[in-house]
Structure formats: structure tokens, C-alpha cells
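The chain that follows stands alone, in the form predicted on its own, written as C-alpha cells.
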């Protein structure tokens, strides 16, 4: 069980370390990247040696973020000595990927997922935060850390991607006030929005192939889409695909199945009223009540069958 720390306690832990490894989670999104990049810059400015890890490809959508090129790919068989490992925006230890094997230092976890499994030695957790980027902003404020334009841009990106540009249910006045404060650092919201919404031609062509897989269950209350292994391409961003079944009238839960290995299927879920974080947690995943995901060690057809059994029950009970 983790020891809970507050903003000052988390910052002091990092100030007591000379070398820190910062880890973003598998399937990196704007929140884990923006939060980690901003924290990394703050620590470097404080005189710390910082190494950034992510055991996955970074989607082209986020390549505009300052410092993203400094990420390294962890290797399970190559130990990395450091004083403290900081895992950012990851609710369970397996989300570290190979970084879990190459890093042996004590772990500080900074997160906002209600499904957090308390795997770290220390935990700064705020489930009411719309994004981990919001927690980072508040931690910097609480410890008098001066922001730079690049830190502000990364934090703003972290916040808006995780609250859907303030349209998701996790949007609060606090996250909007944080974002508003960050705008004073020469940030252009329209430019960031355009960069994040931009789709490659490959993405649209894959979407055209995937849309026909849309299927409905539980009297139309569940809608699914599938990316089979033969169509999977790690270079193509598919994060936005789930919004097509999500915004169909009558659909209460939308699911995207993506087979990334012969025996590994990634699952993303979005819902209106169903607690999909509980469904994800039953498969070793996690997330938020309305947005969650997991990875199932099985081919897509089997993974789909197993997950739907649990999800259909959850929808009927809801």
C-alpha cells in the first residue's frame, strides 16, 4: 500500500533525489506526456539529472510538444541507476512497460485515476483532478515553482486532452481556472486545438476500413469497433476512432478493440452512465468512471467475448 503525500511532500521527495527517472505510461496520451515533460523541465531547472522513459511509440499528434524528443525507450535487461522513479498518470504498475524491469529505485506515483492500485511507495493522487497535468500545475503553485512558456504549453496540452477541451464530465471550474492561468504564457488555444485535431491521411484511410466493423449489443446500448491484427499499424493514431460509436444516439457504452499482438488486445471504453473503470479493473486495467481501458492477453475475438460478458452485465445493472 502506498504512503499518501501532498504537493509539498511529493516535491520534497524529488528535491531529495539527485537523479530521477520519469516514466510515462504505455499508449502515451497528451496528459502523461505533457505532465511528464513539464515536471522534467522543472526538475532540470532545479539542478536535477532527469531521464524520461516511455515504452511505446509517441503518436505524431504530440510531436509538437517541447522536449518530446528527449524520451528514451527503456530496455528491460539494461538497469538504469537512479535515486527516485516518478511514474506519471499511470494507475497500475504494468503501465510502466519495460521501465518496470529496468528501474529499481523507490517509486513516487502522481496520478488522478480513481482506479489507482496504490502500487507505488508514495502516491500523490487526486481523483477529482481532470488531468494529471492539473495536479502538476497545483504542485508547482504550492511549491513556488516558476513556470516557463514550454512548461505551460505542455501542462495546457495535458489538461485539455484529458477533459476533451472542457466538454467531458470531469471538467471542473478548477481545471478551467488552471488552463486560463496557463494562457498568459503566450499559448494560442486555437493552434494547439488544430495540432491535436489534425489527422494523417493514413488515419482516415484506416478509419474507412474500420467503420464497417461497428456492431451493436444489449439492444443498441453497447457499440463496438475493431482493429484486427492485420490492419494494426503502430504508426497510425487511432485514439479518436472510439468517438464514432460513442456519439450514437442510444449508445451508453462504446468499445474499441485493437489487436496489437497475436495474443494481445488493447481495449478502450467510453460511457455515459456505466462505470467502465470497474470493467477495466476486472481485466487488470483502469481509468475513469466514463473513460477506461485495459489490455487482454488474447486474440481479438476471444478478448471481445470476455469483455462483453462483463460489460453487458454492467450496462444491464446500470
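Residue numbers count along the first chain shown, from 1. Since this is a predicted model, take the numbers as computed values, not measurements.
Below, we refer to the form predicted together with a small molecule, which is not included among the displayed structures.
A.B. asks: In the predicted complex, which of the stretches 45 to 53, 58 to 66, 264 to 272, 245 to 253 has residues with heavy atoms within 4.5 Å of the small molecule?
C.D. replies: Among the candidates, contact is made by 264 to 272.
A.B. asks: Is it the case in the predicted complex that 74, 80 and 85 each bring at least one heavy atom within 4.5 Å of the small molecule?
C.D. replies: No, because 74, 80 and 85 lack any heavy atom that approaches the small molecule to within 4.5 Å in the predicted complex.
A.B. asks: Whether residue 292 contacts the small molecule in the predicted complex should be assessed with a 4.5 Å heavy atom distance threshold; does it?
C.D. replies: Answer yes; at least one heavy atom of residue 292 falls within 4.5 Å of the small molecule in the predicted complex.
A.B. asks: At the 4.5 Å heavy atom threshold, is residue 91 in contact with the small molecule in the predicted complex?
C.D. replies: Yes, residue 91 sits close enough to the small molecule in the predicted complex that at least one of its heavy atoms falls within 4.5 Å.
A.B. asks: Would you please decide whether residue 287 lies within 4.5 angstroms of the small molecule in the predicted complex, comparing each non-hydrogen atom pair?
C.D. replies: Residue 287: contacts the small molecule in the predicted complex.
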